[in-house]
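The chain below stands alone, shown as structure tokens; this is the form predicted on its own.
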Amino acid sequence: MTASSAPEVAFGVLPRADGSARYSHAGYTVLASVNGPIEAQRRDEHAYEAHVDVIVRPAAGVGGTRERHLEAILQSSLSQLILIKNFPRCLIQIVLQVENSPENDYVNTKLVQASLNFALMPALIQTAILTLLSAGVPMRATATVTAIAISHDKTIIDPSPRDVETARSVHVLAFTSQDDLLLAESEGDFTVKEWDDVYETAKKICCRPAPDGAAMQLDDDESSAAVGPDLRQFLRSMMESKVAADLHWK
């Protein structure tokens, strides 16, 4: 099993947005902004809930049908997390700009387009959630997401574009903070047993319980090396640091 390095995040990088964050992980860097809840246009407003508008912009060029498909997946997932019924006739807009992507040896370009780009999807979703938290948008739960590829009986966590190109199957799974499955997207050929193994691996990454003390630190480090970064603990620690910084003046 191949794991990846720890993610990084910076909050408040766009001062004119209600919330913003830059997230880097597995070679991808995504910048996001959130504005809202704001008054929605007549064509977008809903009488009983807010409209979640997601815009994905590639690293170069303009978006197309590939980006529109990704936007639909993100909109469906984020609408389940945001308390949209608290803001009828309002709009919550999320803009995601891909700033950097890893080199793909099989494609003569630095740009990895967004069409069901399984390697990029976790960075987009995680950036959107961090930005929503930065903006203070009410949510019923947070979520963590990971991508897993199966290649020649080897499991690869957070695969690169080259890994995705050569893998038999690629999977993206997201879990809420209540350990419920939020998103499951798969592509390629795989067996039921392989899917079960992918599900258990993703759940270990996304739903790993917090250690209960210093005595568990060594075991936690060994577990992180085995199944990848502890995304839930990363999300919790980043938000704790942000809240502490925001309240420092008090």
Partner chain sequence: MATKHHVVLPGEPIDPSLIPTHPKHPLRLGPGLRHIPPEDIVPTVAGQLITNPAKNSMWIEYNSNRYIPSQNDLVLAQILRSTSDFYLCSLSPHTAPATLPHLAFEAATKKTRPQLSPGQLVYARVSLANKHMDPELECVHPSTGKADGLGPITGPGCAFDVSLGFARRLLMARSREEGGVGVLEMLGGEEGGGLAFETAVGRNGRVWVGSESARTVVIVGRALQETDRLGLGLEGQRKLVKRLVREIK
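As the structure is a computational prediction, the values presented were derived from the model and not from experiment. Numbering follows the first chain given and starts at 1.
Not on display, but discussed next: the form predicted together with its partner chain.
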| property | result |
| --- | --- |
| Segment that reaches its partner chain in the predicted bound form - one of 145-153, 132-140, 117-125, 163-171, heavy atoms within 4.5 Å | 132-140 |
| Contact at 17, 87 and 178 by its partner chain in the predicted bound form, all three, heavy atom at most 4.5 Å | yes |
| Heavy atom of residue 83 within 4.5 Å of its partner chain in the predicted bound form | yes |
| Any non-hydrogen atom of residue 247 within 4.5 angstroms of its partner chain in the predicted bound form | yes |
| Residue 35 within 4.5 Å of its partner chain in the predicted bound form, heavy atoms | yes |
| Its partner chain contact in the predicted bound form: residue 6, any heavy atom under 4.5 Å | no |
